[in-house]
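The chain below stands alone and is given in structure tokens; this is the form predicted alone.
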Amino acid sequence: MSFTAPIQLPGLTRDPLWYRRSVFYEVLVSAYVDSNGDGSGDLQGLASKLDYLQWLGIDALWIPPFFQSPLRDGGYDVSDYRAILPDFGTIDEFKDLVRKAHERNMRVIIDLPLNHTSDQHDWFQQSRSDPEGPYGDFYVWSDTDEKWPDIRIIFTDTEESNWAFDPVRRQFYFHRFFSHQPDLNFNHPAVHEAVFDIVRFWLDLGVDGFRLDAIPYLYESDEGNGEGEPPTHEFLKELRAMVDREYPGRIMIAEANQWPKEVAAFFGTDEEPECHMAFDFPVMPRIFYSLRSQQADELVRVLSEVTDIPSWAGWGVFLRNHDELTLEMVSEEYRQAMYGWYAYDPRMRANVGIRRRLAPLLDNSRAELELAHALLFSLAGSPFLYYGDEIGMGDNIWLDDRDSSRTPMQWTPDRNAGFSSADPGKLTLPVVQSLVYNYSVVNVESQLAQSRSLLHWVRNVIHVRKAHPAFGLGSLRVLQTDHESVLAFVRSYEGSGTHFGDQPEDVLCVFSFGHNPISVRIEAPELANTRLQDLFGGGAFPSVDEDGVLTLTLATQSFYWLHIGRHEQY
């Protein structure tokens, strides 16, 4: 497979808001390419596919944990923050990956689980065996497991308590997630120093930022619920100040599964900034709800809510990732409807969510895949793609836990889907061989050869998005319509006035979740007498009339991105 890559740039562009313009791509090192035939993906394998990712239009890689780990939680159980799991490669190979990515003007973001470590970490082993030693207070210990009863249990499928008894120290230790992941004690200054040293270590190696995993849970108190407590924000302010001072241009992304107004607190303020970006969790399940219910009202409501955030801050939006599709932020009625539509088999569920990939969730419907991606790429925020979703990869619900959607990338119809030269039985996870999503049918090589494949379609949409700064930097204003199945909003950008040459522009985005063709009346008084033009083909559309009303006809589950001609241009 060869790719006609864009013109090589000498290195990273100097753009202080690069993260708001970027298209991110989450890629599991273990599942992308196995370069040495040992059955596991590795850093050299990932580096070998950077031309493909550049061709696709990716601006930044998000790499989940590849640190030394027992791998009882996909690497989020870290046993050494400064070492790379030997199966994945070496520090020198990581530096080579970063260098090659930067040569292609692509950034590299890595996951940093700060809330907890593996119980195999040397810090924990010393803490349990020597309570009076230097690491004795690195974790949260208690003589009772009845402390903090108001703190909820997150992994309700596997954990009955947030406390676990350690037979060596003869005390209970606190854990917000699995019992083999003890929480660090952020009340201890030495923990702060250790975390700062780890952050500096990886920034010195060239990474462009961090996804701060489970960031709301750093501190606990008798009065609070252990989520986003004031000391957590104070710690983030200190961390951000250090990053800005010593490593300008690098970013921090908050993973906080909360409502936008609560998540916004993790941005901080202009005077006391915290994270540069944060994921927008509530939007994602409502996209899937709208696709089946044919009702856009919940999306309209969520997108209409105004959340004040600093001008430099940006949201991260996504359809799927390595975790389950969480349903924590919906009502019980809503949740049961989602289970009925998308997880009718209990094996498709995990915790309070659904463990499926995008294409199987949508029954491999090309119309729904296009509609969902078009919405993702036009929302206010930077889109995060999950590896393999650009070709409509399937999953394997017979694998344990979240491994169902972490199977090897499907590159070719050859053995092991071109992922590895190893014996098939040696692979860390098997390639997908189901009838619909078999790697012999769904793979990059086949879709490169088809001009109308999902891969080419996704690439085209990415490049159209990148040509219009309104999507990355503009505001979003929801419009009123007369049809329950339609979501319409305007993305507006006033131009930057910088050397990047951004021009003011407005884009009207219209989405129909209806399962039949519909006609819709959109009310936008401020757009009266403006002309509309399709962003993809350039075709002219009916103008908005003098009363600010536009009538459009949309096919089944379809969308429009329309350029709005500003009044002064005509």
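Quick note: we count residues from 1 along the sequence shown, nothing fancier. The shown structure was predicted, so the numbers you read here are calculated from the model rather than taken from an experiment.
Form predicted together with a small molecule: not shown, discussed below.
Novice: Select from the listed residues E227, E255, D395, E368 the one whose heavy atoms reach within 4.5 Å of the small molecule in the model of the complex.
Specialist: The residue in contact is E255.
Novice: What is the one choice in R355, R406, R107, R491 with a heavy atom within 4.5 Å of the small molecule in the model of the complex?
Specialist: None of the others qualify; the residue that does is R406.
Novice: Quick one: F67, R200 and R250 and the small molecule in the model of the complex, is every residue within 4.5 Å by at least one heavy atom?
Specialist: No residue of the spot touches the small molecule in the model of the complex.
Novice: May I ask you to state whether Y81 is within 4.5 Å of the small molecule in the model of the complex, using heavy atom distances?
Specialist: Close contact is absent here: in the model of the complex, Y81 is far from the small molecule, nothing within 4.5 Å, heavy atoms only.
Novice: Mark F155 yes when one of its heavy atoms lies within 4.5 Å of a heavy atom of the small molecule in the model of the complex, and no otherwise.
Specialist: Output for F155 is yes: heavy atoms within 4.5 Å of the small molecule.
Novice: Are any of the heavy atoms in F177 no more than 4.5 Å from a heavy atom of the small molecule in the model of the complex?
Specialist: Close contact exists here: in the model of the complex, F177 approaches the small molecule to within 4.5 Å, heavy atoms only.
Novice: Contact between D280 and the small molecule in the model of the complex at 4.5 Å, heavy atoms?
Specialist: D280: no, not in contact with the small molecule in the model of the complex.
Novice: Based on heavy atom distances of 4.5 Å or less, which listed stretch (421 to 429, 294 to 302, 207 to 215, 341 to 349) is in contact with the small molecule in the model of the complex?
Specialist: Selected range: 207 to 215.
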